[in-house]
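Included below are C-alpha cells for two forms of one protein chain, each presented in isolation as structure 1 and structure 2.
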Structure 1
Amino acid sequence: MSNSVNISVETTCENQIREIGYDGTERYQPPPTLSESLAKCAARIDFSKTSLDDLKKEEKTAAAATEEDKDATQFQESLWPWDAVRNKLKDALTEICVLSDVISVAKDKRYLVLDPLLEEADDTKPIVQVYSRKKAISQAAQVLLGGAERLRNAHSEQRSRNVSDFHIELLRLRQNWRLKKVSNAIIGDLSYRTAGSKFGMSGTFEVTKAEEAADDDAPSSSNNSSSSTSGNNGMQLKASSALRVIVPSELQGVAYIKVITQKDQEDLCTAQVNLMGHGPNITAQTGVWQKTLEFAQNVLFCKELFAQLAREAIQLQAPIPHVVIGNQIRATLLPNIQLIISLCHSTTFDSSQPAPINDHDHVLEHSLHQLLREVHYKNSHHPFPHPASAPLGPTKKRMVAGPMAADRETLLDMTKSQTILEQIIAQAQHIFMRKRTQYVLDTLARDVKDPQIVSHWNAMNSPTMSCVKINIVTHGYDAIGRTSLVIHVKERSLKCICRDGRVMRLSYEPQELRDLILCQINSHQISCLISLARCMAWTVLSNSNHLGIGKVEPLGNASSCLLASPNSDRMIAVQIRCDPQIDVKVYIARSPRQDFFPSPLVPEKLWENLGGNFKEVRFDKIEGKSFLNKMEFLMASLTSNSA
C-alpha cells in the first residue's frame, strides 16, 4: 500500500526588491549568476581548518576552483573575494612544491634519508603490565618495610635502654621553659623578667647533651650537674637524662626566706617562704633538670624578694629603725617584739636538713610571695583605660580625678602607697595582735565562770583587720539580758564598740582589754539584775554605774543597785566591784524597823516605817549557781504575801 504523499519542495523564486520606481514598478535584484555564487562559496572557505576531512574537502574545492580561477584571474582586481582565495591557493601550491621537492630529494638518498619511526604496538599483552606493576610495587614495599624495621629497632632500643632521647627531653624542656638557640649553644631563661620583674640578676642557663660516660659516676662527679641529682640516690632506676642543664653558680642550691616573730628571745611564730613545697611532683616524667631549674628559679625569687626588702628597710624611716645585717633584716613590730626576715641559701644539698619548724605560718609565707608578685604584675600591666592622648600608668581613680574635680586631700591619698616591708610588718603586727586578743579572751573566759563570755570571730577578715563579737550572758538567764560588744583588731590597736554606741580605742597592751571586759561584766551583772527584779515584781529604786565610794580602785568604780520588794517591806542593796576579781556585796534592810523605840525627840510610832539599817548578807553561802540565780532566790525568799 502506498500511503506516501508526494511533497515538492521549491524555493521561493522571489528575489529581493532592489528599488521601487516612482511609478510603482519594482525592480528586483537579479539572482546571483553562477560566477557570483561560486565567489560566495569560495569566500566561505576557511583555510585555517587542518583536519584530514577538511583538507580533503579543501583539496577538492581547491582542485575545482583552480580551473575556474584561471578564468577569473584576468578579473582579479575587480573580484575581491578571489584575491584572498588566490593568495591562499598560492601558498598551498608553494607548500606542495616544497613537499614534492623534499620527497624527491629523500628518494635519492644522497642528501636526505628517511628513517621509519618505531611505532609502539598498541596491542601489548596485559600480563606484561601486571608483571611490571608487581615488580614496582614490591620495590616500594621493600623501602617501607626497611623504614618500619628501623623505627621498631629504635623504639625497642629506647625502651630497653631506659634513657630518653635527647630531642624528646629537649621537647619536654621547651614545654616548660623558654629556650633559644644562640650560635651553637642552647640558652634558656628562668628569670621572672617576662612576668614583670626588674631584678638585675640574670637567670640564663645552658642546655647541653649529657656525656655518654659511665652512668654511675656521672651524676656525682660532674660539677656542672645540679646538686639535686644526687638527691635521687636510693632509687635503683637510673634517673639521668640525655641532657644536662648548667645553671649559674650564684643560683645553685636551695634557698628560702625565714620569717620569725621573736619576743625577747623566744620564737613566737615562724614562716618559711618557699616556692617549692606545694607544687605537683613532676620529676618522674620530666627528668632531673626540672628540679634543678625549679630550685634555681626559687633561689632567684628569694634573692629578689630579699633585695627588695633590704632596700626598703634602709630607705624607710621608722620610729625604731630597721636593721639590716648580712642576710637578715630586723624590724620592730611592737615594743619587745621583733620581726626577723632572713635569706637562707644552702649550696650543698643536705639530706639531713632540719625538719621545718612546727609553728609554720602559711599566711605570712603566702603574703610575701603575693606581694612581690603584685609588684611584678603592676610593672607589666598598666591599668585601663589606655588613652591615646594621656600618659599610660596612672590608676583608674587618678584618670577620673580630673573630670570628677577631686580635691587635694583625695589626690594626696592616691599618691600614698605602701612598700612590701611596710605591708608585711602590718600583717605581722596584726597576726600578733590577734593572737594576743585571743589569748586574753580565752583566759578570761576560762577564769570567769559566772557570766559566760562567748566570743565569735569573723570568718572573713583582711590581712590587717579582724573582728570579734563578744556576748556576755549568764547561763539560764539569756532572755533576761545579754551584753554584747564588737572588737575590731587592727595592727597596733583595738577598737571596741559597745551596744549602747560607746566607742573605745585601746592600745596593744593586753591589760587594757582585760580591764574593759571586766568592766563590761560588772555592768552586765547590774543590768541583768535590774531586768530580773522587774520580772520578780521588785522595784528598782536606783542604780549607778560609777559609785564614787570606797578607796580609789585601779579599775573604775563600783556599780550598785537598790531594790525594794513588791510591798516595800524589804530592801536589797547590791554593790559590785571588779577589784582584781568580781566582788559582790549584798545588804538587806527591813521596814518597819524592829528596833524603833519612841523617844522624846521622835515620839510618833509612824517613824518606824523609815527603813532600818542595812545588814550584810553572806552572799557566798546562798544557794545558787550564779549571781543572778542567788539574787533570784534571795528576792524570792524576801517577798512576803502579807499586806
Structure 2
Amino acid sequence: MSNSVNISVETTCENQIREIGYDGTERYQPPPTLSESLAKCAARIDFSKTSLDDLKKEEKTAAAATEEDKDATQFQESLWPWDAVRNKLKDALTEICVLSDVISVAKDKRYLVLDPLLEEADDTKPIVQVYSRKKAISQAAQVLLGGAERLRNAHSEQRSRNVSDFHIELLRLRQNWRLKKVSNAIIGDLSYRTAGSKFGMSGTFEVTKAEEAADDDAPSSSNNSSSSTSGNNGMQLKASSALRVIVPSELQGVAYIKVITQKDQEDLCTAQVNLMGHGPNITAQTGVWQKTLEFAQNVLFCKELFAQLAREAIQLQAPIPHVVIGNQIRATLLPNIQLIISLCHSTTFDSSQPAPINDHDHVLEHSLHQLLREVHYKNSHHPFPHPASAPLGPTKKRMVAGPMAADRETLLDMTKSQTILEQIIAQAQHIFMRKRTQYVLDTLARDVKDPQIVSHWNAMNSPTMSCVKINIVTHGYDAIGRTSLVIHVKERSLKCICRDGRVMRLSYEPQELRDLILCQINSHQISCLISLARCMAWTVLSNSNHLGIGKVEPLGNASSCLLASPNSDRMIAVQIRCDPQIDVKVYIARSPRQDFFPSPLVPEKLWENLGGNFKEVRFDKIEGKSFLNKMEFLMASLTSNSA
C-alpha cells in the first residue's frame, strides 16, 4: 500500500457503568481521584522480589554500563516508573532498622555502655575555699549579733518605760479587727460591709505607733477619747500603749437607740439598744484602743439602724403618718399610744445623766439586732436560680409557682414583706396588748375572791402572739366543775376560745376582756351550783343564762337557777348579775303554804302545795367561805328541816 493512514486508538471517555435502573437509566461510576490513582499504583509494588544484594548488583552493573557507553546518553530512564520510590523506601527502612538496633543496645547496656565526657577540672587550692567560707560566716555572724544587740536594747528600753511592744499590740489588734496596709499607713475598717451592709458612712480608722513624747507627756487626744470611753464603763485601763488609734470625729463618743412606748406622757415600755455588753470581754487582754474601737463601732451601728428606720418611716403609707424629726421617729401604735425611737449620741460623758431605766425590754432590743442582721443577710445572700438559666432574684417559691399552679392570692402573699419598722411596730403593739391583758387578769384575780382566777401564760411565744389559759375554779369544789378558756393575744386584737368551742374576737379595749371574764364567772357559778345540787339530791327545775325579767343589766345578762328539795317542800331561786361586780341574790319558798285559806274560787286545799311567796335570804350572813359553800350549807339546812 503506497498511501498510509494514521489510526489513533483512544479509550472511551465514558466511565464504567455501575448500575442500570428498571427504567433504563444508567448510573456511571465516578472517575478515580489523584489520591486513589496513587494508592492503586503503590499497591502494585512487590518489595519481596528484590533484596539489598540485588540492588547493589544492579547498581554495579549500571555503573559498568555507563563507563562502557560514555558516548551514549548520560541519563536513561528506568524501565519501571516506581523504581525510585522503591529505592527511597528501602533506604528509609534500613535507617530505621539501624536506629532500632542502636536504641536496644543503649537501653539494655549488655553490649555497650555510654559514659559522659568529663571536663577538665580547674586546679583550685583548698586553702582559698577555706578563707572564702570563713569570711562569709564572719559577715553573717556580724549581722546576727547586730540585730540581737538592737533587740536587747529595745527590750531594755521598754522595760524601763513600762510600754508594751508595738508589734505585739498590732498582732492583738489584727486578731479582732480588719486591717490592711495602704502605702506606709495601716488602715482598719469598722463597718459591716463584709456582712452585707450598704450603709454609706465610712468606718475607717488609722493605726499609728505612739511616739515617745506622747508617752511621757500628758494623755494625747486619742488617749483622752480612750480614757473617757473607759470611764463610761467604770473600768481603770492602763494609760500607756504602743498603738495609737485615730477614729473619725463622727464616730467618737457614746451612742444608743432609745425606744419608748408612751401613753399620755407616761412611759409604758422602754428599751435602749447598743452593742456594748455583747460578746466576750476582751478589753483586759488587749489595750486602751479596744474600748475606743468598740464605742466607735457602736456609734456606727446605732446610726445605721436609725437611718434604716427613718428611711422606712418616710416610705411607709400608714393610716396615721409617721413623723421623723431630727433624731426622733414617732409612730402611732393604738389610740393615745405612741412609739418613740430616738438616737442619742454624746461625745462627752456627763455624770449627771439619769441612770438607765429598770423596765428594760430585752426582747425588743434583741429583735432590733436580729432584724438588722436579716437585712444584711438578704443583701449578701440571693437565692440561686432554678434552673440555671432562670433570672437572678426571684425566690424558690416564686419559681415553682407556675408548675405548682399557685393562685393569685398565693402569689400576692409571696410579694408581701415587712420592713424593720413595721415589724418593730407590730412587736410593740403586741407587748402593749400583752401587758394590758396581764393587768386586767391580775386586777380581776385580786378583786374577785370567789371564784379563783388562775392564769397560765405559755412560755413558748412568738414576737407577735402570746397564749394564756384561764381556769376559773372554786376552792374546795374543783372536782365539781371548772371553766377554762384560752386567749390568744395578738397585735391589735384578742381571740378567746371557750370550753364549748365558741370563738370570740375582742378589740384592744381592756373593758371588753373584763366583761368577758365576768360573764364567764357568772356562768361558772350557775353550772357549779347545778352540779352541787345534783350531788345533794336536789332537783333542778330550771336554769337560764339569759334571764329576761327584771331591770336591764349594764353588763351581759343575768343568770338564774330554780332548785327543789328532795321532798319538794322547799324551793331555792338563785339570781346572779354582773353589776358591775358579781351580785348574788337567793330566794326560798316553803310548801305547803301557811297563809292559804279556801275561797269560793279556790275551794280545794290541795292548792296550798303550790308554795308561798319567795323570801329573800340575807346571803352575806350565811356561814361559808365561798358561794358554793354557802349554798351547800343552805341546801343542807333546808333538807334537814323538811326531813
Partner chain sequence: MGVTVLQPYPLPEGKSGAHIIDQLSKRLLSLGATHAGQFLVDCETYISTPQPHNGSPGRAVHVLHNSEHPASTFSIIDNGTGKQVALVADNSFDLLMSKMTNTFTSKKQTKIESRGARFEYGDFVIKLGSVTMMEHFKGILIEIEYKACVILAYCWEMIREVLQGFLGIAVGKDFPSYFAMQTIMTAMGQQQLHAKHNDIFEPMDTVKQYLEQFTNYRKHVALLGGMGSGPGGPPVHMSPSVVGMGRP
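Along the sequence of structure 1, residues get numbers from 1 upward. Bear in mind the structure is a predicted one, so any value in this text is a computation, not a measurement. Superpose the two forms; the largest set of C-alphas matching within 1.5 Å is the rigid core.
- Comparing the two isolated chains, structure 1 is the one taken from the form predicted together with its partner chain; structure 2 is not.
- The two forms, fitted on the rigid core, differ between structure 1 and structure 2 by 2 Å or more at the CA of P394.
- Superposed on the core, the two forms barely differ at G476: its CA moves less than 2 Å between structure 1 and structure 2.
- In a rigid-core overlay of the protein, V503 has its C-alpha displaced by under 2 Å between structure 1 and structure 2.
- Core-aligned Cα shift between structure 1 and structure 2 at L151: this is 5.8 Å.
- Its Cα shifted by 3.1 Å, P403 is compared between structure 1 and structure 2 on a rigid core fit.
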